[in-house]
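Next up: a single chain in structure tokens, the form predicted alone.
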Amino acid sequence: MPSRTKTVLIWIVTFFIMLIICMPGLWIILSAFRTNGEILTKPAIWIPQNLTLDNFRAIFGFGENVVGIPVASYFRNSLVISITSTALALLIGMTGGYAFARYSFPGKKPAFLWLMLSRTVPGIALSLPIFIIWSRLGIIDTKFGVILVFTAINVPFTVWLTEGFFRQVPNDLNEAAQIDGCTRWQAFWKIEFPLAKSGIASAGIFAFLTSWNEYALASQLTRSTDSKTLPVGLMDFTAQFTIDWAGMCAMAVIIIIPALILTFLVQKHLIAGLTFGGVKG
């Protein structure tokens, strides 16, 4: 097969695969600008007939006899919870990753293996015991309780990712800096941290997106507008016998936009972090 034909076939196959992957997201975005009647029509209408912004107006309470969703409160809660849990996960995970990469201590391998295995447990499987413990501690329906859970979820992955990046940084650089008069902390902050910052940024991005999109655990731990996050707020569109699919899709678009903006702004660090150590000179 000629090289040009092979390249064209690869691009065509890749295009259709990406189209299949992106189809659910595209359908949600289109449905956010459609009416419930058009969404529920059978047979399905694939190409929207009448696009409208009424779903977004309804969410924010604009219009007659419309009760808005407290999007601002949900957004603020999501932002506070995601940023705080990400910062804590990075602090703990970076410390743990550095310790696993640089130091030898008894039980190092079993401890690292146990930490990685803990991440394989589905979060929803822990929802009942967490709910019982949090209830007895009195931190159900609080941002603090959700932050603790999200931090615990993100720490194992952060440790694993940062450990790999710190291991890639030659220890000779640290030793040379200390010979030149730097303390251990100064050598870390001035030498090792800048070299591993792409990996740390990648870990932070993944931790933030995990916290931002988490629904299962957040829905079990939050009840009021003071602690509900945006994904949990999607349930405000469900009633006993009906579901406002158009409103739910509009809310989903509002949830997606910040994540897309963040990914776009830090894509340079994300790509560098994911490929760090993958290419040897």
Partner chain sequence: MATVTLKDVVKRYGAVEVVHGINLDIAHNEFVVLVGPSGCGKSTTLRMIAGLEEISDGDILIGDQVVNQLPPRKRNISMVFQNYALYPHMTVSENLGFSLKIASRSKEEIEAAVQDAADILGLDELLERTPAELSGGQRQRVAMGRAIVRHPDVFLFDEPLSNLDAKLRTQMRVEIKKLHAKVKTTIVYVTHDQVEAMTLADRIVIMKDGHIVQIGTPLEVFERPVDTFVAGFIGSPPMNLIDGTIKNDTVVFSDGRSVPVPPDFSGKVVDGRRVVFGFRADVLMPKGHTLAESGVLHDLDLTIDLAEPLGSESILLSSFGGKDIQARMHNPRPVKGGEVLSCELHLEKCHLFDAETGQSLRG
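Keep in mind it's a predicted model, so treat the numbers as computed, not measured. Residue numbers count along the first chain shown, from 1.
The same protein has a further form, the form predicted in complex with the partner chain, not shown here; the description that follows concerns it.
Exercise. Which residue, 137, 111, 176, 79, has a heavy atom that falls within 4.5 Å of the partner chain in the model of the complex?
Worked result: Looking at the other structure, the residue within range turns out to be 176.
For this session: Would you mind picking out the stretch of 200 to 208, 79 to 87, 139 to 147, 166 to 174 that comes within 4.5 angstroms of the partner chain in the model of the complex, counting non-hydrogen atoms?
Result: Only one stretch passes the 4.5 Å heavy-atom test: 166 to 174.
Exercise. When you measure heavy atoms, are 180, 186 and 195 every one within 4.5 angstroms of the partner chain in the model of the complex?
Worked result: Each of the three qualifies.
Exercise. Taking heavy atoms only, is residue 191 within 4.5 angstroms of the partner chain in the model of the complex?
Worked result: Within the cut-off, so yes.
For this session: Quick one: name the residues from 149 to 166 with any non-hydrogen atom within 4.5 angstroms of the partner chain in the model of the complex.
Result: Sequence-ordered list is empty.
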